[in-house]
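Only one chain is included here, represented as C-alpha cells and corresponding to the form predicted on its own.
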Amino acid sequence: MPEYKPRVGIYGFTGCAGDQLLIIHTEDRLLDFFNAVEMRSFVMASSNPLETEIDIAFVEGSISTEEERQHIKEIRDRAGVLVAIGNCAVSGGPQAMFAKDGSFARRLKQVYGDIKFITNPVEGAPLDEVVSVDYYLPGCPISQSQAMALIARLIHGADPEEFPHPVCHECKLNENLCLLLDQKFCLGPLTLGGCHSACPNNGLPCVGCWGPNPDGNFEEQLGLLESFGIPHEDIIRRVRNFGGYKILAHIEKLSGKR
C-alpha cells in the first residue's frame, strides 16, 4: 500500500508574493518538500491547480477584495489546517496600516478616483478577520529555516514550536551595537525574532515587520522612544506600518491606553 502523503495547497492573496517566492527559492530542500507531499495547488510551481480537499493550506497575503473574501472562505472549508504565512496574512501588512480608522473610502478615492473596478475592493485585513487560522508564521518575508521547520512538523502531524525570542536576542548573538544607545528609532525589543536581526546587522533599525513579541514591554519602549524626542503620534504611525490595527489592540492589551 503506498505511503499516504499530506495534500497541500499554497495560495497568495494581496501582497508581494515574497513568501511564496522564498519557498520556491529554497532549492536545497524544495525537492524533498515536493516529494513528501501531494501538492494540489501552487500556481508559482504549476499552472494546473486542483481545488479539492487538502490537509494543509499555506496562505500568503491580506484580504483586500470581496472576491478574496469568498476565496479564502472556500479554502478554509476544504482545508484541515490553515497557516497564515507572512506579515500581510498575519497582520494585514502595510495595506492595513490605517485599517479601521474610518478613512478607507476617502483613501480609495484619493488614489483611484472615480474609476470602475473590475473587482470589489474592501479594506485590507489579515486572514483571521475573515476565517479561523490554526498557525501563524510571521515575516516579511518569512524565514527559510522557520518555514521548512514548520512545514516539516505539520506534514508529519506534529505541532510546531513557538519562537518567542525578540529581534534583540538575535542582535546580541550577532554582537551588534544596540542602536537604541544612539537614540535611534528601533523596535527590536518588541518584535518577534526569526530574521536573524537582518536590519540591525546592516546598521538599520528594526521596523517591526515580523509582528509583536508577546512579552514585549510596549509601555516602557514607547516611553523610551518618546524620551528621544520622537512624538507619540509618530511612534504609533511607524509601529502601524507593519502591525496595522492589530498591533494597537496588542499594545492596549499589554500596557493599557496611554
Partner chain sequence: MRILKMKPDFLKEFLMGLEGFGALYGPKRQSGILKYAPIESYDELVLDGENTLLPLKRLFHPMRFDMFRFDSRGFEADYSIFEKRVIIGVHPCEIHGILKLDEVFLVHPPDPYYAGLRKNSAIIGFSCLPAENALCRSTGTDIVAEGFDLFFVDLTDFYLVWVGSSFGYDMILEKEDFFDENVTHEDIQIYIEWREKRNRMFKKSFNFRDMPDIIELSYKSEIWDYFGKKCLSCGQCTMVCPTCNCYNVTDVLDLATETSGRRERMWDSCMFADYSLVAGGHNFRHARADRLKLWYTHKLKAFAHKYGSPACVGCGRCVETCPVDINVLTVSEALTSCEVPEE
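From a predicted model like this one, the values you see are computed outputs, not experimental measurements. Positions refer to the first chain, counted from 1.
The form predicted together with the partner chain exists for this protein as well; it is not shown, and the discussion that follows is about that form.
Complete contact of R69, R76 and K246 with the partner chain in the model of the complex (any heavy atom, 4.5 Å): None of them does, since no heavy atom lies within 4.5 Å of the partner.
Contact label in the model of the complex: H232 to the partner chain, heavy atom within 4.5 Å: Because no heavy atom of H232 falls inside 4.5 Å of the partner chain in the model of the complex, the answer is no.
Any non-hydrogen atom of L82 within 4.5 angstroms of the partner chain in the model of the complex: Heavy-atom contact with the partner chain at 4.5 Å: absent for L82.
Partner proximity in the model of the complex: P164 to the partner chain, non-hydrogen atom cutoff 4.5 Å: P164 belongs to the contact set for the partner chain.
Exercise: L50 in contact with the partner chain in the model of the complex, heavy atom 4.5 Å: Contact with the partner chain, no.
In the model of the complex, residues of 210 to 227 near the partner chain [heavy atom within 4.5 Å]: Contacts from 210 to 227: D215, G216, N217, E220, Q221, L224.
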